[in-house]
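What follows is one chain in structure tokens, specifically the form predicted alone.
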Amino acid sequence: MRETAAERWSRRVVLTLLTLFTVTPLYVMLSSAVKPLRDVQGAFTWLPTRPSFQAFVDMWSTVPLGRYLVNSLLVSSVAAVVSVAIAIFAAFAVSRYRFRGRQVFSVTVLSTQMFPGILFLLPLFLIYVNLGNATGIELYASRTGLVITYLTFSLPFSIWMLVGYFDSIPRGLDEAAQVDGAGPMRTLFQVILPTAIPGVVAVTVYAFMTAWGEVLFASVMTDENSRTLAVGLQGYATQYNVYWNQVMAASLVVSIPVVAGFLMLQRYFVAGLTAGAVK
């Protein structure tokens, strides 16, 4: 069916508005980052009158941005890898085996997403503090404790997503592997996982992004040494001033690793999100 002129222009208008809606905040961030602080605090102008890249230099010394960046990369990467590794085995068991309590487990895993994160904040805080006092294992104000915290809400959703994706893989592949003498683990690693790479990548990206941008738990469960970027950016707001140009510069710089990683994995990410939706 041919597209009419009205439909074509409507599509162009909608896409143009969506593009402006996306690009305008990015342009404001970039233009504010290359303005002196006095110009940013003054009347807004679309074009910087005195462009300066000093904010990109000063942002590393105003707050320990490098340490925050390393903390975020470590915590997010470890949380994503551990979450996906556990979710693969759990999803494989739920998808391929029928056992007592399977339905209850599936519903319980999914129902954890119904509760707001703040409900778990105080219990986790008390557990970490009491565990540290009783055993000397310091989980509070540590990157290890933050990783465990992020697993509490990234792992259930990762299991649920992978179950849907594994269900879309024909069981005939499992049966063919069993005929060749493959056991459950060999079937998983040599048959199921190679087929499920897009789904695994999609879940990994989700788990990483969940940990990367999380603020609530990171603001309570960390100290100056274990603080992540999402909380560390607040350091540009002091008692006497807010360094808006450095905030914008830092926001742009710390977005580069995430954007680059997403662009490299975009093909797998889109395929993983759509493939598990249809069985």
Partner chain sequence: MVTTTTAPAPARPSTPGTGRTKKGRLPRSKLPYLLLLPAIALELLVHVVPMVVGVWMSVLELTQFQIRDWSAAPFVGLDNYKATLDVNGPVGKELLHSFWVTVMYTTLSVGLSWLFGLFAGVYLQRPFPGRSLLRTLFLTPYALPVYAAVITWTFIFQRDTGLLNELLTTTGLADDRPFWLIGGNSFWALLVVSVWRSWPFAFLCVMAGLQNVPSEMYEAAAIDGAGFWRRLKDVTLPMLRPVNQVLILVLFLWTFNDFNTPFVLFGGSAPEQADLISIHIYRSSFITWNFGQGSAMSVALLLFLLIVTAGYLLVTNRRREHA
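Numbering follows the first chain given and starts at 1. Quick caveat: nothing in here was measured; it's all calculated off a predicted structure.
In what follows, reference is made to the form predicted in complex with its partner chain, a form of this protein that is not presented.
- Among the residues Leu73, Met209, Ala177, Ala141, the one placing a heavy atom within 4.5 Å of its partner chain in the predicted complex is Met209.
- Residue-level contacts in the predicted complex: of Gly136, Pro116, Gly181, Pro194, one residue has a heavy atom within 4.5 Å of its partner chain, and it is Pro116.
- Its partner chain in the predicted complex comes within 4.5 Å of no heavy atom belonging to Ser226.
- Contact between Ala80 and its partner chain in the predicted complex is not found at the 4.5 Å heavy atom cutoff.
- Although the partner is absent from this view, Thr222 stays clear of its partner chain in the predicted complex, with no non-hydrogen atom inside 4.5 angstroms.
- When contacts are judged by a 4.5 Å heavy atom cut-off, Gly42 counts as touching its partner chain in the predicted complex.
- With respect to its partner chain in the predicted complex, the three residues Leu15, Pro25 and Ile148 uniformly fall within 4.5 angstroms at the level of their nearest heavy atom.
- Of the residues in 229-260, those that come within 4.5 Å of its partner chain in the predicted complex through at least one heavy atom are, in sequence order, Leu229, Ala230, Leu233, Gln234, Ala237, Thr238, Trp244, Val247, Met248, Ser251, Val254, Ser255, Val258, Val259.
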